[in-house]
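Here's a solo chain for you in structure tokens, the form predicted alone.
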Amino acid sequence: MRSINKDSPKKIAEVIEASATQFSAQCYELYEIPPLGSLVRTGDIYGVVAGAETTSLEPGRKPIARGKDEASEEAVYESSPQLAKLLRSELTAAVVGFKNGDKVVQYLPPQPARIHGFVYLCQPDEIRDFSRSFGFLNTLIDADLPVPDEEVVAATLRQMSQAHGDSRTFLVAAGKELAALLSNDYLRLKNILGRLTPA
């Protein structure tokens, strides 16, 4: 799969696991995980951040408390600099589309993301281009996500609305699309719409 943008933004993570519907990526910097609902890209595949965690690099080994005698959380890392090498921050992204030539399509790509593929946080112009239509919403609503789908859908729309000049108009249009998709599930629709107001 080809790279989309010759002026790619800074890479933030690297794919370590991938399937047809989602990918996991380890962030290069500890705790520098994009917000829930952020649009990210690896190669020509788009994903929405649908989960995140910071864990020990060694499976089954939990971190231990170290801050009893420290004045701040930063001091814990200063007095134990090895911690940054023993922990990892990871994101899980739900695949919501891909670039096919110059066209953005909002359904699953023919192949999963590549292991060790670089992950980039999409910039406002790329977000606007992707979110010109709402075909991705159906994919998100039906996805098996690590976080409740109502939270992910609402967070995604809030994040995307920030890239549009008139965020309210964008959210109203998204709400109408959701109303059509969830016409038989009023409670779920209400839960998502209630979370669309930016914090």
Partner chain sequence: MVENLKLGIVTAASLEKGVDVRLDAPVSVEDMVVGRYVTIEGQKRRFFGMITDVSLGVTDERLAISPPDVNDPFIADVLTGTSTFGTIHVTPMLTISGDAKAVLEGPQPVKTIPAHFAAVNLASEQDIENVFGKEDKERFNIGNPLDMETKLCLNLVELVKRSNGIFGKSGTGKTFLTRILLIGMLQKSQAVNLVFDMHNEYGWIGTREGGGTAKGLKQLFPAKVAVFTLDEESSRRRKVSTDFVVKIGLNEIMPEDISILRSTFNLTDLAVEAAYQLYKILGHDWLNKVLNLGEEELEELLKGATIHEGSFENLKRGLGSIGRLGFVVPEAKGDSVKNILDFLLQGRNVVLEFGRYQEIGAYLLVANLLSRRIYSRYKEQMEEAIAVDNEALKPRPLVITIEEAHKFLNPEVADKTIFGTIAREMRKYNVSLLVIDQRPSGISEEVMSQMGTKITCLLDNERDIDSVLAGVSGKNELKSVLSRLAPKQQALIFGHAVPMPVAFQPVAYDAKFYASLTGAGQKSTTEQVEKDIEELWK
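Treat the numbers as computed from the prediction; the structure is a model and nothing was measured. Residue numbers count along the first chain shown, from 1.
Omitted from view is the form predicted in complex with its partner chain, to which the following refers.
Figure note: of the listed segments 165-173, 44-52, 127-135, 24-32, the one touching its partner chain in the predicted complex, with heavy atoms no more than 4.5 Å away, is 165-173. No residue in the set Ser56, Ser72 and Val76 has a non-hydrogen atom no more than 4.5 Å from its partner chain in the predicted complex.
Not displayed here, its partner chain is kept clear of Ala20 by more than 4.5 Å at the level of heavy atoms in the predicted complex. Taking the partner from the other structure, its partner chain in the predicted complex has no heavy atom within 4.5 Å of any heavy atom of Ile16. Heavy atoms of Ile12 never reach within 4.5 Å of its partner chain in the predicted complex, leaving it off the interface.
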